[in-house]
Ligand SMILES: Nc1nc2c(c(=O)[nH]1)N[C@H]1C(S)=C(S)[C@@H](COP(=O)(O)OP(=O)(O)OC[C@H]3O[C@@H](n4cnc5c(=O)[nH]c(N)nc54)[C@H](O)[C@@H]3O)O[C@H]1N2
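Below sits a lone chain in structure tokens, taken as the form predicted on its own.
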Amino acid sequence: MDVSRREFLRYLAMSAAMAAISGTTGTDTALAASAQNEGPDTWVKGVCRYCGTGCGVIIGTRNGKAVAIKGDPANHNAGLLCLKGSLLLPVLNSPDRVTQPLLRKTKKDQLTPVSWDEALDFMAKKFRDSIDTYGPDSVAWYGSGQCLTEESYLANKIFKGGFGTNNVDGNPRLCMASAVGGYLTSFGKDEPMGSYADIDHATCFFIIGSNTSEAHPVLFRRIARRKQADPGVKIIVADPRKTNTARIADMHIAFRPGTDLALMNSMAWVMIHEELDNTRFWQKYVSFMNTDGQKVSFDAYRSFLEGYRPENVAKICRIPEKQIYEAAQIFAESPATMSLWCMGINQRVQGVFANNLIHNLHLLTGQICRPGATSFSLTGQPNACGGVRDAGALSHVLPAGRSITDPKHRAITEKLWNLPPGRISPKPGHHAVALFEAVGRNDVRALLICETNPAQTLPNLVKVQRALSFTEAFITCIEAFPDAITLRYADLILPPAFWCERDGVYGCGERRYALIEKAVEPPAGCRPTIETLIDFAKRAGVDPKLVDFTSAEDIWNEWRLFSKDTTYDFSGMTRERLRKESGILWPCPNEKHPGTPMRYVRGVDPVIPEKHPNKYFFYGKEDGRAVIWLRPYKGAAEEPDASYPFYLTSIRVIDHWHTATMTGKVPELNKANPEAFVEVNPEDAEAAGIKHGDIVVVETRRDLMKLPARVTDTCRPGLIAVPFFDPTKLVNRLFLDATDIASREPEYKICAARLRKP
């Protein structure tokens, strides 16, 4: 097919649009990296490298090179890929790669190419000397939801079991920690109870704090198809911005930023006072608790909600009062309501509370644990669930939902890892924001950062970059692409095999574990990260028996057996089975089990005994009951005032992912969105004399930045928004680093700002 790249992309976009209209999947079309490539002679199964949707892909290879990519028709995405996913091959085949270890032996030196042996010997000595001199908590791992499950599990084992420190955290702390906290406090166990298949059964979608159309386009297409198939399906979007997601909604609730807790409490008030609640459900399956964790009565909850009468909350949220009544009625009376949310809920100082209130609405109305009825947190990274949340690669948890502070859980983990009793420290390690503060104080003196870019993604980057610039800590980065901002501060850079250059498992947002099979060899000089970690651990003095693995499959099998007889049980997911199938949903306790589309339901969830007396069993709680929380509305850590009158929020764009170290390699995506900008409402623009395209100054109490203005009605008046993908405009210098007291997730979604012309 002799067409230009531009024509190919136009064809691709048109095909996707036609598929959405017609209801076809487009699975018969292979999306080539270049229309002029020869066709592949081999197809290899994998998973997309971008968001937490976890779309299945099939990579076509010829003569040892990846030449084509298409969606996997057997996976949940039914063969569909978004534009980013369909253009992954230019990233994989980019000549702009780190392909040899680079070392600076002192802070004054330049990075210099060295051999792998010299690099790992030097790194191991730095970590060993730090532990021997300053103790285990002087070293740390900062991982990623982009690492393979095997990589995260192995690093967790090395640092917590081998080195004896719980300084294991990563970028999922910045995006999903509040969702974890919400699931744990409401249900006793992390991860959604439903699956993407619920989209096909839902008759109401309550989308709050998620621009699904841009952050999770394949799921958005599935939602749109559901509504197209049944015009009676209702979509409610609660978001201060009129996003593309909001533009298809039957109701858009453009509440004042940070007031969504008041909104959801008020919806609960309507549900009770209009007799829309499901008393048979909550009386049998729900407990009520106040913020101190004490059980209270339903009457106490009802009394608590009196502070959130719609006439008062409408003024707080600055929305029409009738929207609260209508949203509550549609949510409660729908045959099946599915809630979807993402960073707009999680990245808040009240993020756990906000998650709880979404769950409250489902538990109060019985809109839960039925096909289409579920509360479902969307995930930002491809393996934040499987590799970090499930495998316990955070500073306060252990694998399979166990807690650092629980002596029984530590003892179980020590036994499974063949460690002496007391080896695992009972003290939680540093969470992400605190970890880089500790680096700045030189409390952490050796840090390993893997497949993430914290010098661009962390909030309050002025403070972070100052810490990285002046620290004495030895910083090692495992990173594929040389333009990651964090590499400017690295003392050692190690080049990994990237994506389908090695094999391993990803776990996406619906509890689906799927295998990325090795399709091509990595560039010379690049090594699979598990090989790097095993070699490093042995050189740093870790007991070789602790890392006695020869392949990613060995690590997977240990982690698989680690999960056995837990509520995560996926021991039935053998490597051979994952090679044959396009992902399986846990729990999956044996090789014949099909996977679990809905948790907490007797006869569907294998964790529940067949003879259990109740249909639903929330086994994460001792009494088997989920919790409706009395969570009060509280504002942001920093609200606008006379000096800084605007709300500033962080957003994503459909063309780029995270810090654009990957999407920035694709010319078509760069042309679509070449730089960061600031969205300004037309009313605010007119008042400030700002026109579309003008360069304006956005200023907060931390820094100021010049950005081109996009004058659009997307933002409500008083709100401005900036994307964070652009490495030349580090907008996270503007945001404060206040965190949720429970989840320790930072508040990227609200801070005070001012806007002016230069």
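Note that this is a predicted model, so its numbers are computed, not measured. One-based numbering along the sequence shown.
One more form of this protein exists, namely the form predicted in complex with the named molecule; it is left out here, but the text below deals with it.
Taken together, Asp190, Leu394 and Arg445 are entirely out of contact with the named molecule in the predicted bound form: none brings a heavy atom within 4.5 Å. Only one segment in the set 473-481, 531-539, 589-597, 619-627 has residues whose heavy atoms sit within 4.5 Å of the named molecule in the predicted bound form; it is 473-481. Checked against the named molecule in the predicted bound form, the residues Ser339, Ser186, Gln347, Ser266 give one hit for a heavy atom within 4.5 Å, which is Gln347.
The partner is absent here; in the predicted bound form, the one residue of Asn355, Thr661, Thr374, Asn166 having a heavy atom within 4.5 Å of the named molecule is Thr661.
The closest non-hydrogen atom of Gly209 lies within 4.5 Å of the named molecule in the predicted bound form. Shown alone here, Arg49 lies within 4.5 Å of the named molecule in the predicted bound form, counting heavy atoms only. None of the heavy atoms of Ile248 is located within 4.5 Å of the named molecule in the predicted bound form. In the predicted bound form, Trp559 stays away from the named molecule, with no heavy atom inside 4.5 Å. Contact annotation for 615-654: residues with any non-hydrogen atom within 4.5 angstroms of the named molecule in the predicted bound form are Thr649, Ser650, Ile651, Arg652, Val653, Ile654, listed in sequence order.
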